[in-house]
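The chain below stands alone and is given as C-alpha coordinates, in the form predicted on its own.
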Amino acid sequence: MSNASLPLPILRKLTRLPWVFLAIISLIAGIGILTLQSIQINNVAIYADQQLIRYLIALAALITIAMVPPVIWMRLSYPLFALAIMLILLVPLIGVSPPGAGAKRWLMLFGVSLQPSEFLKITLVLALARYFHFAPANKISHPLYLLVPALMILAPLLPIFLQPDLGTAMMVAMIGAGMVFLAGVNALYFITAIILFVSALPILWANLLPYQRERIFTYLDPERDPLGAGYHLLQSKIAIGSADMWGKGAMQGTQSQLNFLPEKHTDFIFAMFTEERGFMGAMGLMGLYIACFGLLSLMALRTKNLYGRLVISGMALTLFLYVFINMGMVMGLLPVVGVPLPLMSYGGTSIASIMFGLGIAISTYVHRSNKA
(Lines give C-alpha, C1' and ligand atoms only; values in the text may rest on other atoms or scores of the structure.)
Protein backbone atom coordinates (compact mmCIF):
# COMPACT_ATOMS: atom_id res chain seq x y z
CA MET A 1 0.00 0.00 0.00
CA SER A 2 1.45 3.37 -1.01
CA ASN A 3 1.64 6.32 1.31
CA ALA A 4 -0.70 8.25 -1.00
CA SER A 5 -3.50 5.75 -0.37
CA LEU A 6 -3.33 5.88 3.42
CA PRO A 7 -5.53 8.95 3.94
CA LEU A 8 -8.33 7.61 1.72
CA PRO A 9 -10.24 5.77 4.47
CA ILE A 10 -10.29 8.94 6.56
CA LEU A 11 -11.40 10.99 3.56
CA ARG A 12 -14.23 8.54 2.89
CA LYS A 13 -15.30 8.79 6.52
CA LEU A 14 -15.27 12.57 6.35
CA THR A 15 -17.56 12.48 3.31
CA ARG A 16 -20.00 10.28 5.25
CA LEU A 17 -20.29 12.70 8.14
CA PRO A 18 -23.79 14.22 8.48
CA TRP A 19 -22.63 17.72 7.60
CA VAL A 20 -26.15 19.17 7.61
CA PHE A 21 -26.63 17.94 11.18
CA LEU A 22 -23.25 19.38 12.21
CA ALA A 23 -24.18 22.69 10.59
CA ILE A 24 -27.46 22.81 12.55
CA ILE A 25 -25.90 22.10 15.94
CA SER A 26 -23.18 24.65 15.15
CA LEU A 27 -25.90 27.17 14.30
CA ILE A 28 -27.62 26.48 17.64
CA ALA A 29 -24.30 26.88 19.46
CA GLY A 30 -23.65 30.09 17.53
CA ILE A 31 -27.04 31.47 18.60
CA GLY A 32 -26.15 30.61 22.19
CA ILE A 33 -22.80 32.39 21.90
CA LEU A 34 -24.44 35.49 20.42
CA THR A 35 -26.96 35.46 23.26
CA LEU A 36 -24.14 35.18 25.80
CA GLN A 37 -22.48 38.11 24.03
CA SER A 38 -25.23 40.29 25.52
CA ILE A 39 -23.92 39.59 29.02
CA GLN A 40 -21.11 42.09 29.52
CA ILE A 41 -18.81 42.05 32.56
CA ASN A 42 -16.62 45.14 32.62
CA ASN A 43 -17.45 45.59 28.92
CA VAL A 44 -16.11 42.10 28.11
CA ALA A 45 -18.33 39.26 26.89
CA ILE A 46 -16.41 36.71 28.95
CA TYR A 47 -19.13 34.05 28.80
CA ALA A 48 -19.34 34.23 25.01
CA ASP A 49 -15.56 34.07 24.54
CA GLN A 50 -15.21 31.02 26.78
CA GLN A 51 -18.22 29.30 25.22
CA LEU A 52 -16.83 29.79 21.71
CA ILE A 53 -13.52 28.19 22.65
CA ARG A 54 -15.27 25.31 24.38
CA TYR A 55 -17.53 24.63 21.43
CA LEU A 56 -14.72 24.68 18.85
CA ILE A 57 -12.73 22.20 20.96
CA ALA A 58 -15.83 20.04 21.46
CA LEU A 59 -16.62 20.09 17.70
CA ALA A 60 -13.08 18.98 16.85
CA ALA A 61 -13.40 16.22 19.47
CA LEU A 62 -16.77 15.15 18.03
CA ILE A 63 -15.33 14.74 14.53
CA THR A 64 -12.34 12.84 15.93
CA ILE A 65 -14.62 10.53 17.93
CA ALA A 66 -16.75 9.95 14.82
CA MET A 67 -13.69 8.66 12.95
CA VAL A 68 -13.17 5.87 15.50
CA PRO A 69 -14.96 2.59 14.59
CA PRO A 70 -18.03 2.06 16.82
CA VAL A 71 -16.76 -1.38 17.84
CA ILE A 72 -14.20 0.47 19.98
CA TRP A 73 -16.90 2.53 21.65
CA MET A 74 -18.98 -0.60 22.17
CA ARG A 75 -16.08 -2.21 24.05
CA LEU A 76 -15.64 0.94 26.14
CA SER A 77 -19.35 1.34 26.94
CA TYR A 78 -19.30 -0.60 30.22
CA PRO A 79 -15.97 0.84 31.47
CA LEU A 80 -17.14 4.39 30.73
CA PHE A 81 -20.42 3.76 32.54
CA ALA A 82 -18.56 2.31 35.52
CA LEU A 83 -16.25 5.36 35.56
CA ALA A 84 -19.26 7.70 35.54
CA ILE A 85 -20.78 5.88 38.53
CA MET A 86 -17.46 6.06 40.39
CA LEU A 87 -17.35 9.82 39.82
CA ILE A 88 -20.95 10.11 41.06
CA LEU A 89 -19.98 8.27 44.24
CA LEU A 90 -17.04 10.65 44.77
CA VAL A 91 -19.30 13.72 44.81
CA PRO A 92 -20.46 13.35 48.46
CA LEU A 93 -16.85 12.79 49.52
CA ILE A 94 -14.87 15.45 47.63
CA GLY A 95 -17.58 17.33 45.75
CA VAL A 96 -17.72 21.13 45.59
CA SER A 97 -20.54 23.65 45.42
CA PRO A 98 -20.27 26.76 43.22
CA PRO A 99 -21.09 30.09 44.89
CA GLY A 100 -24.83 30.31 45.54
CA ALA A 101 -25.42 26.58 45.07
CA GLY A 102 -26.29 24.62 48.16
CA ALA A 103 -25.83 21.09 46.88
CA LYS A 104 -22.58 19.29 46.06
CA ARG A 105 -22.90 18.23 42.43
CA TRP A 106 -19.49 19.07 40.99
CA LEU A 107 -15.98 17.63 41.19
CA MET A 108 -12.77 19.62 40.86
CA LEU A 109 -10.29 17.42 38.97
CA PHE A 110 -6.93 18.76 37.72
CA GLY A 111 -8.23 22.30 38.12
CA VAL A 112 -11.34 21.64 36.01
CA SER A 113 -14.87 21.68 37.44
CA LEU A 114 -17.18 19.00 36.06
CA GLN A 115 -20.61 17.61 36.85
CA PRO A 116 -20.44 13.78 36.72
CA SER A 117 -24.21 13.38 36.33
CA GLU A 118 -24.01 14.96 32.86
CA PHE A 119 -21.60 12.27 31.65
CA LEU A 120 -23.63 9.58 33.39
CA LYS A 121 -26.64 10.26 31.16
CA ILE A 122 -24.53 9.67 28.05
CA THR A 123 -22.73 6.58 29.33
CA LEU A 124 -26.05 5.06 30.44
CA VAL A 125 -27.20 5.25 26.82
CA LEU A 126 -23.98 3.52 25.69
CA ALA A 127 -24.14 0.78 28.34
CA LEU A 128 -27.79 -0.07 27.68
CA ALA A 129 -27.19 -0.04 23.92
CA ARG A 130 -24.36 -2.54 24.32
CA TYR A 131 -26.42 -4.78 26.60
CA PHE A 132 -29.41 -4.98 24.26
CA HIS A 133 -27.14 -5.41 21.23
CA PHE A 134 -25.99 -8.78 22.56
CA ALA A 135 -29.23 -9.82 24.33
CA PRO A 136 -31.29 -12.44 22.45
CA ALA A 137 -34.06 -10.60 20.61
CA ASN A 138 -36.68 -13.18 21.59
CA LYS A 139 -35.82 -12.99 25.30
CA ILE A 140 -35.34 -9.30 26.06
CA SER A 141 -38.77 -9.12 27.68
CA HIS A 142 -37.99 -11.99 30.05
CA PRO A 143 -37.62 -10.76 33.66
CA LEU A 144 -34.16 -12.30 34.00
CA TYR A 145 -32.89 -10.38 30.97
CA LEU A 146 -34.36 -7.16 32.35
CA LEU A 147 -32.58 -7.49 35.67
CA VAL A 148 -29.25 -6.13 34.39
CA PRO A 149 -30.66 -3.02 32.67
CA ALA A 150 -32.83 -2.37 35.73
CA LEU A 151 -29.72 -2.42 37.93
CA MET A 152 -27.90 -0.14 35.47
CA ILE A 153 -30.69 2.42 35.76
CA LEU A 154 -31.20 2.11 39.52
CA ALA A 155 -27.52 2.08 40.54
CA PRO A 156 -26.85 5.80 39.97
CA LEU A 157 -30.31 7.02 41.00
CA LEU A 158 -29.83 6.86 44.77
CA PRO A 159 -26.51 8.78 44.95
CA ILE A 160 -27.87 11.41 42.52
CA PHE A 161 -31.07 11.75 44.54
CA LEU A 162 -29.03 12.17 47.74
CA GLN A 163 -26.84 14.98 46.30
CA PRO A 164 -29.73 16.13 46.20
CA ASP A 165 -30.59 16.45 42.50
CA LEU A 166 -34.14 15.30 41.92
CA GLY A 167 -34.28 16.75 38.41
CA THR A 168 -31.24 14.79 37.20
CA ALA A 169 -32.46 11.62 38.93
CA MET A 170 -35.78 11.84 37.09
CA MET A 171 -34.02 12.51 33.78
CA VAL A 172 -31.72 9.50 34.25
CA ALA A 173 -34.78 7.35 34.98
CA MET A 174 -36.55 8.63 31.84
CA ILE A 175 -33.49 8.04 29.64
CA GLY A 176 -33.14 4.51 31.02
CA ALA A 177 -36.83 3.73 30.54
CA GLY A 178 -36.71 5.20 27.04
CA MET A 179 -33.76 3.01 26.08
CA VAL A 180 -35.55 -0.09 27.34
CA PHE A 181 -38.61 0.89 25.31
CA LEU A 182 -36.52 1.54 22.17
CA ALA A 183 -34.96 -1.93 22.56
CA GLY A 184 -38.43 -3.43 22.09
CA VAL A 185 -39.30 -4.63 25.59
CA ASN A 186 -42.97 -5.56 26.13
CA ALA A 187 -45.15 -2.50 26.78
CA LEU A 188 -46.84 -4.22 29.75
CA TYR A 189 -43.73 -3.52 31.82
CA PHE A 190 -44.10 0.21 31.23
CA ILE A 191 -47.79 0.18 32.08
CA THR A 192 -46.99 -1.66 35.31
CA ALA A 193 -44.15 0.76 36.10
CA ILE A 194 -46.46 3.76 35.61
CA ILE A 195 -49.06 2.24 37.94
CA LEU A 196 -46.40 1.54 40.58
CA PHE A 197 -44.97 5.05 40.22
CA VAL A 198 -48.37 6.67 40.71
CA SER A 199 -49.01 4.43 43.71
CA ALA A 200 -45.66 5.41 45.22
CA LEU A 201 -46.21 9.17 44.87
CA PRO A 202 -47.27 9.61 48.53
CA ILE A 203 -44.06 7.90 49.66
CA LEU A 204 -41.96 10.00 47.29
CA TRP A 205 -43.65 13.17 48.50
CA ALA A 206 -42.97 12.27 52.13
CA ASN A 207 -39.25 11.89 51.35
CA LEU A 208 -38.81 15.13 49.39
CA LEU A 209 -36.67 17.83 50.95
CA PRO A 210 -38.41 21.12 51.88
CA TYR A 211 -36.91 23.04 48.94
CA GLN A 212 -38.01 20.28 46.54
CA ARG A 213 -41.59 20.52 47.80
CA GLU A 214 -41.37 24.29 47.53
CA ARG A 215 -40.43 23.97 43.87
CA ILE A 216 -43.61 22.01 43.22
CA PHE A 217 -45.71 24.52 45.16
CA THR A 218 -44.04 27.31 43.21
CA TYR A 219 -44.76 25.54 39.93
CA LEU A 220 -48.45 25.38 40.86
CA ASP A 221 -48.57 28.97 42.19
CA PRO A 222 -45.43 31.11 41.64
CA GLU A 223 -47.23 34.15 43.12
CA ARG A 224 -47.23 32.59 46.59
CA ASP A 225 -43.57 33.60 47.10
CA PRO A 226 -42.71 36.20 44.43
CA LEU A 227 -39.46 37.32 46.09
CA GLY A 228 -38.32 33.85 47.14
CA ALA A 229 -38.99 30.46 45.57
CA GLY A 230 -41.17 31.92 42.81
CA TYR A 231 -38.74 34.69 41.82
CA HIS A 232 -36.88 32.78 39.07
CA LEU A 233 -40.05 31.60 37.37
CA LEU A 234 -41.87 34.94 37.58
CA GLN A 235 -38.93 36.87 36.12
CA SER A 236 -38.56 34.26 33.38
CA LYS A 237 -42.24 34.53 32.44
CA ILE A 238 -42.01 38.34 32.45
CA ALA A 239 -39.00 38.18 30.11
CA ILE A 240 -40.75 35.80 27.70
CA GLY A 241 -44.15 37.49 27.93
CA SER A 242 -42.79 40.97 27.23
CA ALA A 243 -40.85 39.97 24.12
CA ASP A 244 -43.71 40.41 21.59
CA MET A 245 -43.22 39.11 18.05
CA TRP A 246 -39.63 40.15 17.28
CA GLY A 247 -38.18 40.85 20.74
CA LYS A 248 -36.41 43.86 22.19
CA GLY A 249 -33.10 43.39 20.43
CA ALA A 250 -29.61 42.38 21.52
CA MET A 251 -28.62 43.81 24.91
CA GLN A 252 -32.03 45.51 25.17
CA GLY A 253 -33.89 43.02 27.36
CA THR A 254 -34.90 44.71 30.60
CA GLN A 255 -35.16 41.57 32.72
CA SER A 256 -31.76 40.27 31.64
CA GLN A 257 -29.80 43.52 31.34
CA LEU A 258 -31.05 44.87 34.67
CA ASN A 259 -30.23 41.53 36.33
CA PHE A 260 -33.80 40.71 37.31
CA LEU A 261 -33.47 37.32 35.58
CA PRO A 262 -31.27 34.91 37.61
CA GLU A 263 -29.13 32.23 35.94
CA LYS A 264 -29.67 33.97 32.62
CA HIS A 265 -26.50 32.47 31.14
CA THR A 266 -27.23 28.87 32.20
CA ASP A 267 -30.63 27.34 32.95
CA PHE A 268 -32.66 30.42 31.91
CA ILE A 269 -30.85 31.33 28.71
CA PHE A 270 -33.97 30.51 26.66
CA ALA A 271 -35.87 33.23 28.53
CA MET A 272 -33.06 35.70 27.83
CA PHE A 273 -32.93 34.72 24.16
CA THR A 274 -36.71 35.02 23.76
CA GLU A 275 -36.76 38.44 25.44
CA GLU A 276 -34.20 39.66 22.90
CA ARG A 277 -35.45 37.84 19.79
CA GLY A 278 -39.17 37.48 20.45
CA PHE A 279 -41.72 34.84 19.52
CA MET A 280 -40.30 34.37 16.02
CA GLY A 281 -36.80 33.82 17.36
CA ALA A 282 -38.06 31.27 19.88
CA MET A 283 -39.98 29.42 17.14
CA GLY A 284 -36.89 29.42 14.94
CA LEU A 285 -34.75 27.97 17.72
CA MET A 286 -37.34 25.28 18.43
CA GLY A 287 -37.37 24.49 14.71
CA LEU A 288 -33.61 23.92 14.74
CA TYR A 289 -33.93 21.50 17.64
CA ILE A 290 -36.78 19.67 15.88
CA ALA A 291 -34.55 19.38 12.80
CA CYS A 292 -31.87 17.80 15.02
CA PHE A 293 -34.34 15.21 16.32
CA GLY A 294 -35.52 14.44 12.80
CA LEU A 295 -32.02 14.02 11.38
CA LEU A 296 -30.98 11.77 14.26
CA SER A 297 -34.07 9.64 13.63
CA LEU A 298 -33.16 9.31 9.95
CA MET A 299 -29.58 8.38 10.88
CA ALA A 300 -30.89 5.69 13.23
CA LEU A 301 -33.09 4.21 10.49
CA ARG A 302 -30.12 4.06 8.09
CA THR A 303 -27.80 2.33 10.59
CA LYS A 304 -27.77 -1.46 10.22
CA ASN A 305 -26.46 -2.66 13.59
CA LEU A 306 -28.59 -2.57 16.73
CA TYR A 307 -25.93 -0.90 18.89
CA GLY A 308 -25.71 2.01 16.47
CA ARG A 309 -29.48 2.41 16.18
CA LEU A 310 -29.89 2.42 19.95
CA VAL A 311 -27.05 4.88 20.54
CA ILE A 312 -28.38 7.33 17.94
CA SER A 313 -31.97 6.93 19.18
CA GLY A 314 -30.81 7.27 22.78
CA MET A 315 -28.97 10.50 22.01
CA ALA A 316 -32.05 11.84 20.22
CA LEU A 317 -34.11 10.99 23.30
CA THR A 318 -31.55 12.61 25.64
CA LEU A 319 -31.41 15.77 23.54
CA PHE A 320 -35.22 15.91 23.43
CA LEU A 321 -35.52 15.58 27.21
CA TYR A 322 -32.98 18.35 27.76
CA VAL A 323 -34.85 20.72 25.44
CA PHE A 324 -38.35 19.76 26.57
CA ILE A 325 -37.58 20.05 30.29
CA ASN A 326 -35.56 23.25 30.03
CA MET A 327 -38.04 25.11 27.82
CA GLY A 328 -40.96 23.76 29.83
CA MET A 329 -39.54 24.98 33.13
CA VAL A 330 -38.61 28.50 31.96
CA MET A 331 -42.12 28.94 30.53
CA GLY A 332 -43.76 27.68 33.73
CA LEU A 333 -45.10 24.49 32.18
CA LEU A 334 -42.84 22.28 34.34
CA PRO A 335 -41.29 22.67 37.81
CA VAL A 336 -37.95 24.49 37.88
CA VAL A 337 -35.07 21.98 37.91
CA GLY A 338 -31.39 22.36 37.06
CA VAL A 339 -31.44 21.20 33.43
CA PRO A 340 -29.42 23.23 30.87
CA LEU A 341 -30.52 23.96 27.31
CA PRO A 342 -28.13 21.87 25.18
CA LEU A 343 -25.55 23.81 23.14
CA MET A 344 -27.08 27.11 24.34
CA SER A 345 -26.51 27.20 28.10
CA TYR A 346 -23.10 28.28 29.35
CA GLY A 347 -21.11 25.41 30.82
CA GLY A 348 -18.22 23.17 29.87
CA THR A 349 -19.55 19.87 31.22
CA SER A 350 -22.85 20.21 29.40
CA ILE A 351 -21.25 20.88 26.01
CA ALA A 352 -18.56 18.23 26.50
CA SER A 353 -21.01 15.47 27.44
CA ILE A 354 -23.52 16.26 24.69
CA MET A 355 -20.84 16.50 21.98
CA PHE A 356 -19.16 13.31 23.26
CA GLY A 357 -22.44 11.41 22.98
CA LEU A 358 -23.23 12.87 19.57
CA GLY A 359 -19.72 11.97 18.41
CA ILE A 360 -20.27 8.30 19.25
CA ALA A 361 -23.73 8.39 17.66
CA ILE A 362 -22.24 9.85 14.47
CA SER A 363 -19.46 7.23 14.59
CA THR A 364 -22.09 4.50 14.33
CA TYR A 365 -23.64 6.37 11.39
CA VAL A 366 -20.35 6.93 9.56
CA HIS A 367 -19.64 3.18 9.87
CA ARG A 368 -23.29 2.27 9.30
CA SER A 369 -22.52 -0.46 6.75
CA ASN A 370 -20.98 -2.54 9.56
CA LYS A 371 -23.56 -5.03 10.84
CA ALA A 372 -21.54 -6.26 13.82
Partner chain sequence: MGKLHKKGPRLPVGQSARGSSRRTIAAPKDPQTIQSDRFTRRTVLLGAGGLGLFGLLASKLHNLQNIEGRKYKSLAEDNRTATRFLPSIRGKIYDRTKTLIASNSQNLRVLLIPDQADNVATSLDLLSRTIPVSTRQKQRILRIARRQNPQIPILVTDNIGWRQFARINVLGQRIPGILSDISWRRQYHYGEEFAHIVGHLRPPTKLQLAATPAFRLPGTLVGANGIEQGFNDVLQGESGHQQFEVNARGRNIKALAKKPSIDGADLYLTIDHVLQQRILKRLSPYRRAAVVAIDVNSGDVVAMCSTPTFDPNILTHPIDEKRWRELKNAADTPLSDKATRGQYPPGSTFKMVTALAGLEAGVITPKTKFKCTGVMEWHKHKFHCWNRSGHGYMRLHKALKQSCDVFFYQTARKVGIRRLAAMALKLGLGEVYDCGLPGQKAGLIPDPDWKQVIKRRVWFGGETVLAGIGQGYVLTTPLQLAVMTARLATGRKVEPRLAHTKDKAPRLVPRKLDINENSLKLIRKAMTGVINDRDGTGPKAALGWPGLQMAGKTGTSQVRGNQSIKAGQKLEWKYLDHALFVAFAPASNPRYAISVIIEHGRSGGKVAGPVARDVMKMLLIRDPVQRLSQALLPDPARPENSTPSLTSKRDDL
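Numbering follows the first chain given and starts at 1. No experiment lies behind these values; they were computed from the predicted model shown.
What follows is about the form predicted in complex with the partner chain, which we do not show.
If contact means any heavy atom within 4.5 Å, which of 79-87, 120-128, 206-214, 294-302 contacts the partner chain in the predicted complex? Answer to the contact question: 294-302.
Can you check whether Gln51 is within 4.5 Å of the partner chain in the predicted complex, heavy atom basis? Contact with the partner chain, no.
Taking the partner chain as it sits in the predicted complex, is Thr168 in contact with it (heavy atom to heavy atom, 4.5 Å or less)? Outside the cut-off, so no.
Answer for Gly328 alone: is it within 4.5 Å of the partner chain in the predicted complex, judged on heavy atom distances? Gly328 belongs to the contact set for the partner chain.
Classify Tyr145 as contacting or not contacting the partner chain in the predicted complex by the rule of any non-hydrogen atom within 4.5 angstroms, answering yes or no. Heavy-atom contact with the partner chain at 4.5 Å: absent for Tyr145.
In the predicted complex, the residue from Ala193, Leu162, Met286, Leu154 that sits within 4.5 Å of the partner chain by heavy atoms: Here the answer is residue option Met286.
Just to confirm, with a 4.5 Å cut-off on non-hydrogen atoms, which of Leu107, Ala173, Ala183, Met74 contacts the partner chain in the predicted complex? If I apply the 4.5 Å criterion carefully, the residue I get is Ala183.
Using the arrangement in the predicted complex, list in sequence order the residues of 323-347 with any heavy atom within 4.5 angstroms of the partner chain. Sequence-ordered list: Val323, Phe324, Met327, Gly328, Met331, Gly332, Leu333.
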